[in-house]
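Next up: a single chain in structure tokens, the form predicted alone.
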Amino acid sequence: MYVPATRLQGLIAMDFRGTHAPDRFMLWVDAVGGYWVCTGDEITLGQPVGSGVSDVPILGDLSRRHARIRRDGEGYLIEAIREVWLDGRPVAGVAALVDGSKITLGSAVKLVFRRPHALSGTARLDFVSHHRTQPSADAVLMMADACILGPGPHSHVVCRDWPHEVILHRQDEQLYCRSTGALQIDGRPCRGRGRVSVGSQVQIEGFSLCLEEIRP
């Protein structure tokens, strides 16, 4: 059946804006940076080889599936599939991660594990070495129930010039955005809270962010 191009684009957009929170997406924050967001309890890090081999593909001298990080209750664990060092010591099997843990994958890929907010289960992986994901992101966020963006040092994404915090959070397998400031989602004013999905654009008092599909 023939489908006009404009109608096909609409169908693709509808597919990207499904009712469930995406497993992963890029979060672009105006004048701050880009963040690789994973919403699952477990991620695999490795080489960007093939489709769906690793949740976080990193351009570096790594195996296709090099390490696994999982949320375990209130904490996080790292599992060494290939060579992994934690705070200068080799990991044999599984080890616990704490805020500030220094991770080395292989001989050169260096990361720091962060838990900036004591009351949130969301964690962040910062790149210390020059390596990046493909497509490139400034950091990786393992999003639990909520991800905080704002001017405070305990934010998961520090946005120093923002007047208010903005919180992305999950509820009933959907993704929402809320703020005490004036909030617009896809051009529509919201009273403090609204649902977002891949493709959404959010504006908050002169600042903006958007959620973008991660293409292999």
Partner chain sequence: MEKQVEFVELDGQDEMDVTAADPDDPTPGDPATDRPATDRSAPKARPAAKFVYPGGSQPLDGYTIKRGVGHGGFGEIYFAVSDAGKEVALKLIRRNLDIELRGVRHCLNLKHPNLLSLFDIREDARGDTWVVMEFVAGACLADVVATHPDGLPTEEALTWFHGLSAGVAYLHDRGIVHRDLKPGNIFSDEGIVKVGDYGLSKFVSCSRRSGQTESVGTVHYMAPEVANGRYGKEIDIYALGVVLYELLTGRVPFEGESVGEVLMKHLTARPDVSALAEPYRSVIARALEKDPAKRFASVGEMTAALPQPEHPQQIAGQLPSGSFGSAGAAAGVAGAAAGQSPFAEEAAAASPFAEEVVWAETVDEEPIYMALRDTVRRGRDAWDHANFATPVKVVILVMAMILLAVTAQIWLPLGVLALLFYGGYRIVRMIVMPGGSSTVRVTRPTGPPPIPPARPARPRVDPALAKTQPGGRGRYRHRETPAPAMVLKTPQERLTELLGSLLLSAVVATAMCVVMVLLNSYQSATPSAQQCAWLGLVSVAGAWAVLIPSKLWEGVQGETTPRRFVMMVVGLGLGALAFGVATMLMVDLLHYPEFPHDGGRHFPSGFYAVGQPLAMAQMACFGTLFLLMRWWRQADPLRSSRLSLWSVVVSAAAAALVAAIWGFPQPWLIMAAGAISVSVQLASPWVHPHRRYRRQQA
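Residue numbers count along the first chain shown, from 1. The shown structure was predicted, so the numbers you read here are calculated from the model rather than taken from an experiment.
The next section is about a form of this same protein that is not shown, the form predicted together with its partner chain.
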Candidate stretches 40-48, 27-35, 64-72, 173-181, one within 4.5 Å of its partner chain in the predicted bound form by heavy atom
27-35
Spell out, yes or no, whether the shortest heavy atom distance between Glu205 and its partner chain in the predicted bound form is within 4.5 Å.
yes
Whether Asp138 contacts its partner chain in the predicted bound form should be assessed with a 4.5 Å heavy atom distance threshold; does it?
yes
How about His130 - does it come within 4.5 Å of its partner chain in the predicted bound form, if we only consider non-hydrogen atoms?
yes
Just to confirm, Arg191 within 4.5 Å of its partner chain in the predicted bound form by heavy atoms?
no
Complete contact of Ser155, Glu165 and Asp186 with its partner chain in the predicted bound form (any heavy atom, 4.5 Å):
no
At 4.5 Å, heavy atom to heavy atom, what parts of 159-194 sit next to its partner chain in the predicted bound form? List them in sequence order, or say none.
Arg160, Asp161
